[in-house]
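First, one chain by itself in structure tokens, the form predicted on its own.
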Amino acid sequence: MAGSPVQVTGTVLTTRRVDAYHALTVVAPGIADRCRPGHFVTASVGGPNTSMLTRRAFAVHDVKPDYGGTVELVFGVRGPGTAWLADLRARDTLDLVGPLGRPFPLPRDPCTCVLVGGEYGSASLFALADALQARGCRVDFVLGAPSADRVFGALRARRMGETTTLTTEDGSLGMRGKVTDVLPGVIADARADAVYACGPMDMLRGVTAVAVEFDIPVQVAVEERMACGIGVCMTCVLPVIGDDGVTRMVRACTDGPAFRGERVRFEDVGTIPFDALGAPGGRHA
């Protein structure tokens, strides 16, 4: 059942370390049965008396029907909020809102798709792979990170994908280099029809450039910091070109996180381009 997001107090079922990352499985009925590949959730961190007021956003890695519905989140510790989450144990509770955002659009007909993941960004690609394969699509994976302990899901990708290519910048796993170094070869060998990508913004920019070179569509799930996740706080805005050719500052949390890669002005992320609609001294409606 797809539908509007819900807020639930979920019970932590399991916690585990996955190399450099933490995986948290939370019993969250209502969220689990609404989730589609590419959706995310926000979690309240720090407990009831915390000074950390903003929620943290996480892509959903896995959804299962167990216990009425569970969601699994994968994250790295980046600050006090994620450190608090990493300390949670089974039977602790977690306030979640979801599913949020726009999920990945799926092709109407069977085709060949290359799924590209950077670091723990690859966590959201496995549900997508399931959905694509259910539609008769071929799936090939390209996963990369700076080092082996930060590549997420290599074994699962090898089980699911027609092919799986791994890269690390230090050469500790797979090919030495970045995903963009091997992506042209994977697209050519697979005769890919489309690319999906999730990971750091620099990686998404590079993956988009490769897909544009091959003239195939690319969907990217952007990683922008989100404080509210529901379109109120405006911390996650980025410049995206609309169907009419006009650049607008859109919210990754409500208009994304999945966008057509060639429409995202990656070189201008973090700024308001002078030609964006409503920009100071720029274009106006």
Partner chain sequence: MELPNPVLTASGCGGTGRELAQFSDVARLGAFTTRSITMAPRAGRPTPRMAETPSGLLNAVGLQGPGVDAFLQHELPWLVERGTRIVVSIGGGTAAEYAALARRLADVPGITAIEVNLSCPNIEDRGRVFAREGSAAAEVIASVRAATRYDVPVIAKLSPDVADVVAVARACVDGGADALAMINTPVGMSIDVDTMRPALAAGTGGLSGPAVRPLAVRCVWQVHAALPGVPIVGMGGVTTGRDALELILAGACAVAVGTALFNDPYACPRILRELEELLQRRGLDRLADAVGLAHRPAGSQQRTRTDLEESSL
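Worth saying up front: this structure is predicted, and the values here are computed from it rather than measured. Numbering follows the first chain given and starts at 1.
Same protein, other form: the form predicted together with its partner chain, not shown, and the subject of what follows.
The partner is absent here, but in the predicted bound form a heavy atom of Ile272, alone among Leu13, Ala20, Ala23, Ile272, sits within 4.5 Å of its partner chain.
Screening 25 to 33, 214 to 222, 57 to 65, 246 to 254 for residues having heavy atoms within 4.5 Å of its partner chain in the predicted bound form returns a single hit, 246 to 254. Its partner chain is not shown here, but in the predicted bound form it comes within 4.5 Å of a heavy atom of Gly231. Interface membership of Val240, defined by any non-hydrogen atom within 4.5 Å of its partner chain in the predicted bound form, is ruled out. Although the partner is absent from this view, Thr70 stays clear of its partner chain in the predicted bound form, with no non-hydrogen atom inside 4.5 angstroms. The shortest heavy atom separation between Val97 and its partner chain in the predicted bound form is within 4.5 Å. The putative spot formed by Val6, Met226 and Leu277 is fully lined by its partner chain in the predicted bound form; each residue has a non-hydrogen atom within 4.5 angstroms of it.
With contact defined as any non-hydrogen atom lying within 4.5 angstroms of its partner chain in the predicted bound form, the stretch 127 to 160 contains no contacting residue.
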